[in-house]
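Let's start with one chain on its own, the form predicted alone, as structure tokens.
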């Protein structure tokens, strides 16, 4: 059994504690999170993304700005993410609004990516129809030769987003399904913690 008093009053502090626990437990890809978006018709879609840090008041991730997820985020700038760490019997849900990160932040992260990842980002028309893998391999061969021994600039269609939360929900599993759920909601820039039924 867990009590609200055992949770930090600041959800960011609690998030960092849980995330650090997941890293220290050597969970495979502790930074993996499911990102859920929806278009203006309310049709949802979800995919696994990689959390890249807390900055600009939220959680950052990077992607192709021409992808389906980006088109949905541009038209409906709200999203939710879920971290699930089964080895720790923990799940974390975060909901909030979405903003693009400044180009300088995208440039900084772009330059930390492996060279192969940067080349792939240049040639992949993410979420668009292609004739087959061969099409991508041919483009990759051309672009690899073009940038041989050269810096690879970040394309304008690739960069980051930040999810600025207004709600956190920390979930702890119970073997008999009497799970603990602690929800942080923000009102007037202050966080309030409540407990929800499983």
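These numbers come from a predicted model, not from an experiment. Numbering follows the first chain given and starts at 1.
Beyond the structure shown, there is the form predicted in complex with a small molecule, which is absent from this document and is the topic of what follows.
Colleague: Residue 76 versus the small molecule, in the predicted complex: is there a non-hydrogen atom within 4.5 Å?
Modeller: Although the small molecule is absent here, residue 76 would stay clear of it in the predicted complex, with no heavy atoms inside 4.5 Å.
Colleague: Just to confirm, residue 167 within 4.5 Å of the small molecule in the predicted complex by heavy atoms?
Modeller: Although the small molecule is absent here, residue 167 would stay clear of it in the predicted complex, with no heavy atoms inside 4.5 Å.
Colleague: Answer for residue 43 alone: is it within 4.5 Å of the small molecule in the predicted complex, judged on heavy atom distances?
Modeller: Outside the cut-off, so no.
Colleague: Does residue 131 reach the small molecule in the predicted complex, with heavy atoms at most 4.5 Å apart?
Modeller: Looking in the predicted complex, residue contacts with the small molecule do not include residue 131, since no heavy atom lies within 4.5 Å.
Colleague: Between 120, 111, 127, 89, only one gets a heavy atom within 4.5 angstroms of the small molecule in the predicted complex; which residue is that?
Modeller: Contact with the small molecule in the predicted complex is made by 127 alone.
Colleague: Quick check for you: of 44-52, 132-140, 167-175, 146-154, which stretch puts a non-hydrogen atom within 4.5 Å of the small molecule in the predicted complex?
Modeller: In the other structure, the partner sits against 44-52.
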